[in-house]
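Take a look at this single chain, the form predicted on its own, given in structure tokens.
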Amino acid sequence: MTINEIDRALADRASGDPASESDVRVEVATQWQLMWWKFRKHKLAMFGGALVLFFYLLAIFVEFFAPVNYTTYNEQYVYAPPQMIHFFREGKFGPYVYGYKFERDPVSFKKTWVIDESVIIPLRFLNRGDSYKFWGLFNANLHLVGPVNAEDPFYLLGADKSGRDVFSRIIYSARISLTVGLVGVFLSLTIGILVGGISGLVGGRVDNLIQRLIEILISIPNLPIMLALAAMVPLTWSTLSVYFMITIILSLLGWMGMARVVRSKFLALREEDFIMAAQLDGVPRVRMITKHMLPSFLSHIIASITLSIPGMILGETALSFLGLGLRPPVVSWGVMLQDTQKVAVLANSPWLLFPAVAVIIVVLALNFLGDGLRDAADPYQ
């Protein structure tokens, strides 16, 4: 658009012409503004982004959102079924759930719990309940919702084999499962950018050597390597050590794709004038990568990160489900799903599969968000 055309469009804008105002807005918009406008058109990506934000807020404030601590148990209510919250009673707002009554199966004579609609358990929002230390900083006992009487049973998604609240444990698991994905992606991103940057920037024999190494690593099936590395983690290690080892294992198996993307971008960028000028000025290669080349395709990196996190979450869930990842007393979605390995337990207590539902929702939301970011990364297409 020429200067005269811009002046004409600005004059039309002053006269209230909406079409011309839109044209000028696009012409003077920054790269990030164009990306945001294109991203907003992707409805599934907007919905996925809202879900991802919700789950990460949940992970930050798990102690507040969970009705009880993930270790709190009541052996009296083993495998108690889920309770549904009712918000109105006798035409007035008053949240409550129905209680339980004990029944014995006439065939197997097993003890079972069923919902008893004659028993009303009143609930209170912003309820005082189990004490906790928020992020290890200060003591509190405020929860989003809970029973008025702390002795009353409250199991929104049922109870497990020890009488622990499945809903609270799913919320606590979000902190572990979601942060494993973030830390793992950060490590694999760092390795991929450095290796791919050196490969694309240096070229020659170094590039050939790195690419052959990547091809060899990609050709090895991930699952057997993942299982073998996880099985090498000693049982005597602390929870924190196992957590970091699992993230390192996932990172070592996930950096190759990022390295190839970075290499292809660097091969295109190293012929640009601003890169050649930086080389002539004697800029070190690490600084050239971080300060000159990476910002040129930062949007693509953001999209790649979003699409890589689901793989990390699924990897941790699979390892923990198989007993080779995180172990009790740590609680993650994979650790919780270990209880579903027995068909008899799953048939009688299907609510133990709710952690899998959480995994599916988060993975789908991250994929929707990543697709939207990938499309918005190049707003000119």
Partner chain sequence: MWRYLFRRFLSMIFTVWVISLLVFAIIQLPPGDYVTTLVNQLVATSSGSTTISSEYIEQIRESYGFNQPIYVQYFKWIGKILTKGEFGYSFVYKRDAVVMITERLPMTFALSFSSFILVWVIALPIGIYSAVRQYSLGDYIFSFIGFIGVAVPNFLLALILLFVTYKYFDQAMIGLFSQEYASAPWSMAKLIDMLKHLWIPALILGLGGTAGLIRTMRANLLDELNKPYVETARSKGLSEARLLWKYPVRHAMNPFVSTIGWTLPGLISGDLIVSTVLNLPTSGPVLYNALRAQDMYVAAGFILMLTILTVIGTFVSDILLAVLDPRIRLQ
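Numbering follows the first chain given and starts at 1. In this text the structure is predicted, and so the values were computed from the model without any measurement.
If you look for the form predicted in complex with the partner chain, you will not find it shown, but the lines that follow are about it.
Engineer: According to a 4.5 angstroms non-hydrogen atom cut-off, is Val107 in contact with the partner chain in the predicted complex?
Structural biologist: It does not: once the partner chain is placed as it appears in the predicted complex, Val107 has no heavy atom within 4.5 Å of it.
Engineer: So, in the predicted complex, is Pro221 in contact with the partner chain at a 4.5 angstroms heavy atom limit?
Structural biologist: Pro221: yes, in contact with the partner chain in the predicted complex.
Engineer: Would you please decide whether Ile225 lies within 4.5 angstroms of the partner chain in the predicted complex, comparing each non-hydrogen atom pair?
Structural biologist: Within the cut-off, so yes.
Engineer: Is there a non-hydrogen atom of Thr340 within 4.5 angstroms of a non-hydrogen atom of the partner chain in the predicted complex?
Structural biologist: Output for Thr340 is yes: heavy atoms within 4.5 Å of the partner chain.
Engineer: Choose from 112-120, 98-106, 68-76, 228-236 the stretch whose residues reach within 4.5 Å of the partner chain in the predicted complex, heavy atoms counted.
Structural biologist: Contact criterion met by 228-236 only.
Engineer: Within 4.5 Å of the partner chain in the predicted complex: all of Ser199, Ala268 and Val283, by heavy atom?
Structural biologist: No residue of the spot touches the partner chain in the predicted complex.
Engineer: Looking at Met35, Leu322, Val52, Ala59, which has any heavy atom no more than 4.5 Å from the partner chain in the predicted complex?
Structural biologist: Checking each option against the partner chain in the predicted complex, the one that comes within 4.5 Å is Leu322.
Engineer: Check each residue of 183-219 against the partner chain in the predicted complex and list those with a heavy atom within 4.5 Å, in sequence order.
Structural biologist: Residues within 4.5 Å: Glu215, Ile216, Leu217, Ile218, Ser219.
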